[in-house]
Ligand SMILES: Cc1cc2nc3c(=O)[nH]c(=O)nc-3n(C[C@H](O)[C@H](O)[C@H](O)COP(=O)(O)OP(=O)(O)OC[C@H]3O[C@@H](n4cnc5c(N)ncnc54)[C@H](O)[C@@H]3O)c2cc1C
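Take a look at this single chain in structure tokens; it is the form predicted alone.
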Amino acid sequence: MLPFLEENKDLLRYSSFHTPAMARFFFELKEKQDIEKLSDIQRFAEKNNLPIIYLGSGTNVVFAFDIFDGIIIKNTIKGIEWGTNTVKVAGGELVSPLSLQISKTRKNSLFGKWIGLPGTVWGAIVGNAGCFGFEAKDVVLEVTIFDIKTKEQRILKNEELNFSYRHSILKDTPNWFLIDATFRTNLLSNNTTDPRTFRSGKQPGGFTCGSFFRNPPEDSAGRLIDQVGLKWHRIGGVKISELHANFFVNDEKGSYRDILILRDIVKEKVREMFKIELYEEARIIENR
């Protein structure tokens, strides 16, 4: 047993869905020197046949278990270094405050579209987060990764990250831990709408992970769910929002089982009516 691992960790506050869950082992990365412990954790996990899950802010996560029989690693490492038209940011920094800082110093910055977007820099790059037509791939210059197997650091340029819709090479390479990212800050947006005003009128608050499903090509998951008549539909303590049909909201009494049942109903109804398969944008974490 590694002395820095917490046991039987309550995960309720680590997912924005706020559903009950526990982890057998838990570790929080708080400082850069903690990164070196990842190699020890991986060896411990392999020796004991334990899965490892990395967690950012938990804003797009469903803990689909009562007790996770493995190790949850949460990244909260902070750090920002400003350059000329660039900023180097640690993976644990939150996207929205960073975007607000950039927008205050550069009027009409493209980063203005990310104000109010939940999640960390780590999660935004791994999943190529996007909204209002702006994705991480548009501003990432390079990232620094730590190879957990070799204990070496590497720099990957934008083109080496193989960005695609809600995806990057980092999703497929669990041995690569993102330490930090360098962004361009001098790209401008033609959109003058404040994203916070847009979200407050059309997207619900509360215990939700944001958009639950990916948008199909040239369509909207929210529109499809609305058209099949599932707005307001409820299973247990989880309902589909009346404001935006692609948002599932927990009323503090819901469980992951409620979320998954509601997910399956939505997918089946949309498939039956439109012959379209919906895929989760939310990250469903299950015991293997």
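Bear in mind that the values here come from a model prediction, so they are computed numbers and not experimental data. Numbers for residues come from their place in the sequence shown, where the first is 1.
Omitted from view is the form predicted in complex with the ligand, to which the following refers.
If the criterion is a non-hydrogen atom within 4.5 angstroms, does every one of Ala90, Ser109 and Phe183 touch the ligand in the model of the complex? Contact check failed for every one of Ala90, Ser109 and Phe183.
Based on heavy atom distances of at most 4.5 Å to the ligand in the model of the complex, which listed stretch, 117-125, 78-86, 98-106, 150-158, is the contact stretch? It is 117-125 that comes within 4.5 Å of the partner.
Out of Phe68, Tyr256, Phe247, Phe27, which one falls within 4.5 Å of the ligand in the model of the complex, going by heavy atoms? Contact check passes for Phe247.
Would Lys171 show up as a contact with the ligand in the model of the complex if we use heavy atoms at 4.5 Å? Close contact exists here: in the model of the complex, Lys171 approaches the ligand to within 4.5 Å, heavy atoms only.
Is Ser57 part of the interface with the ligand in the model of the complex - any heavy atom within 4.5 Å? Because a heavy atom of Ser57 falls inside 4.5 Å of the ligand in the model of the complex, the answer is yes.
With heavy atoms only and a cut-off of 4.5 Å, decide whether Thr19 touches the ligand in the model of the complex. Thr19: no contact with the ligand in the model of the complex.
Considering non-hydrogen atoms and a 4.5 Å limit, does the ligand approach Arg166 in the model of the complex? Taking the distances in the model of the complex, the answer for Arg166 is yes, it comes within 4.5 Å of the ligand.
If you apply a 4.5 angstroms heavy atom cut-off, which residues in 130-166 are near the ligand in the model of the complex? If the 4.5 Å heavy-atom criterion is applied to the ligand in the model of the complex, 130-166 yields Gly130, Cys131, Arg166.
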